[in-house]
Structure formats: structure tokens, C-alpha cells
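Only one chain is shown below, in C-alpha cells, and it's the form predicted on its own.
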Amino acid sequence: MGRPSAELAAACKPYVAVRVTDMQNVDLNVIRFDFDLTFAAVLMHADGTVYHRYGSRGPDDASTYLSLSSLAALLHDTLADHRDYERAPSPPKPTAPLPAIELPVLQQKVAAGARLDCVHCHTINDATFAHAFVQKTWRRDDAYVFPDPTRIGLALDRERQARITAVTAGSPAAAAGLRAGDDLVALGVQKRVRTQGDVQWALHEAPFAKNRLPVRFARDGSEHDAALDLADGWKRCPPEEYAWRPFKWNLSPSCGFGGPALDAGARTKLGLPDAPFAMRVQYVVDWGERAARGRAATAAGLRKGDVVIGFAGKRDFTGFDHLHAWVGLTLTAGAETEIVVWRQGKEHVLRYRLPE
């Protein structure tokens, strides 16, 4: 985001600011946000009430919804929310603390002698989902956390993040009567919307199944109530939009290899000027807990240095992250599949069974 501006420094003065660089002792029963982000801020009361969550991104840029000016504006505007809350406080019910380091999977690592110098934000999702795997309660749909507002048909302004800039035709937002220029006031569990992070929190907390999500919006100086009719499975997003999330590396099945995508110039030199996608196999996962993934690809004939141009009948990947997310989100372990590689000026089709 850059060095603090004078505007941001002034906006911070009424607050007690705490910078968290290690999640080990953060109480996950109090502070929740999108743990996959590179930056997030939580504005809250001392009693544990969270006013707003700041921090979001698009699929291609980690700073899409980050700016010093928008954060400063949020800090200023939240003072009014704080004053309103102080007049009628309603603190959350007390719960037993859950420091991140006490997540079962992390405790197992500590018990086994591992030294955890730092618990990163994304580690929380990894540990939470890994425990659910063991308990056999995890579903693939659990991977769709903090849905982007595009899931309901909304685009929001980068600076005034409660302001709707576009509504997708035929979307739940359009059916609810929302329009570009409206300001979101409340959505689901979020009683006051000021940021894209607030919207994503409300969507995260809403049911994955078919439901009606209440929304309040302001238009031409007056507020209106409506409801978003959400279909079963509405949180799912295309793999290319999911590809930035680090949890994709833990999805099953997995292709078992990786490497850099080749640009148009490199594809032309190889004799692939019209290929929409090509990647050089830089490594095969033949180590650790997931070594079976790489061994399966190697047994099928894949070699380091091969150029992959297709997988399971698909060739229009935007990059390896997209390929990896697509495999984990759309294919099934144990399915017969194929890798198409370009080797010595010829296509080769390698067939194998996708491992877990």
C-alpha cells in the first residue's frame, strides 16, 4: 500500500493500532477475516465487536481494493459507527479463546517436535481444512471462502467500497432491484457496510444452500430493503478466479507437477504459436506426504523439461495456477485422464489415473 500518508496518520490518531505479524496467539473466536489476503485490517471495539473488515483483492491483483485514501476514509467513517454502538452496546457472548496455535493440526506438529516460529494467516485455513479432512467432514465446497461480490452480481468502487458501480444482468443483485450508484447499507449479518471486506464477510456467513439474504441500500437520499435470492451452490466461482488462493495447493486431486507458463515468444520458438497455453515442467512432486501425485505423473511418462499444453481435454488455461485450481475443483481422484505434452516438436498424450 505504501508509506503512511498524512491523511492516514491523522485518521489513525483516535484508534489503538495493533500490527499483527504472527497469528499464533490471535483468538480465532473473536477475529475472523479472509486469511488468504496479503493485507487485512479489522476495526473493532474493545469488547470484541467487529465494526468492519478492510482488505480484499481481485483474481489478478492483490492490491485491487487497497489504497491509503480508502483506509483513511474508513477509519474516519467508523468513528460514527463507534459512537452509535457506544449508545447501545451489545457485546458478543463470551467464548473460550481459540488461539491459532491451538488448532489440532498445529498442536500435532508441535507434539511431534516441529518448531513453529510463526503461524501465517493462510496457515489457518490449511490447518482448519486438514483437521476436517481427518474428521471426514470436509467438502470441496468448503474451499469457497469469502465469496467475491461478483457471485451475487455486484461490482464495487475501489475508494467508496459500499458504492455499487455495476450490476450484472440476470444476477441476484439485479433481481433484487439494485442499481449502479446505489450504496449498500447492510447485508446479511453485516449491520453496516462500508467495505468490500464487509460484503465478503456477509457472503461468507450466508448459507451455501439456497437462501434469501436481506440487503438494505440507499438511493437518492432514502433507504430501501430488499432480498437476494441465492441458488444452491451460489458461492462457487470459476477456477481461474479461485487460482490466486494458496489453498489450491492442498486440493485433491492434484496434477503432481508444476512450472512456469511460457509466453507467446517462447511458444513460437517451440513451434506452438497458436497454442493458448504451454508450461514447462520444472518439478514433479515426488517428495513428502503427496509424493504419490508426482509418482503417478512420472509413471505415465511425464519428464522434467516437458512442455504441457493440455490436461484432461482442456487447453485454454491462463497459467499453471489456473490449471492446478481447475484440476482440484472440477476433477475427481481416481478418474482416468491425460496430459498432452510437446516434446521434440511432437505432441504426446500421456494417460494415467489421477491420484488423491
Partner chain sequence: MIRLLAAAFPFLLAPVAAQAAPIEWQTDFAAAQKLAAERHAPLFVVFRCER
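Numbering follows the first chain given and starts at 1. Not measured: the values here are computed from a predicted model.
The discussion below concerns the form predicted together with the partner chain, not included here.
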Please state whether every one of the three residues 16, 42 and 122 places a non-hydrogen atom within 4.5 angstroms of the partner chain in the predicted bound form. yes
Between the options 312, 329, 26, 307, which residue brings a heavy atom to within 4.5 Å of the partner chain in the predicted bound form? 26
Option touching the partner chain, based on a heavy atom within 4.5 Å in the predicted bound form, out of 285, 71, 164, 243: 71
With heavy atoms only and a cut-off of 4.5 Å, decide whether residue 333 touches the partner chain in the predicted bound form. no
Spell out, yes or no, whether the shortest heavy atom distance between residue 57 and the partner chain in the predicted bound form is within 4.5 Å. yes
Non-hydrogen atom contact residue 320 with the partner chain in the predicted bound form at 4.5 angstroms: no
I'd like to know if residue 298 sits close to the partner chain in the predicted bound form, meaning any non-hydrogen atom pair within 4.5 angstroms. no
Tell me the stretch among 320 to 328, 286 to 294, 43 to 51, 299 to 307 that has any heavy atom within 4.5 angstroms of the partner chain in the predicted bound form. 43 to 51
Going by the partner chain in the predicted bound form, which residues of 65 to 96 come within 4.5 Å of it through any heavy atom? 66, 67, 68, 71, 75, 79, 82, 86
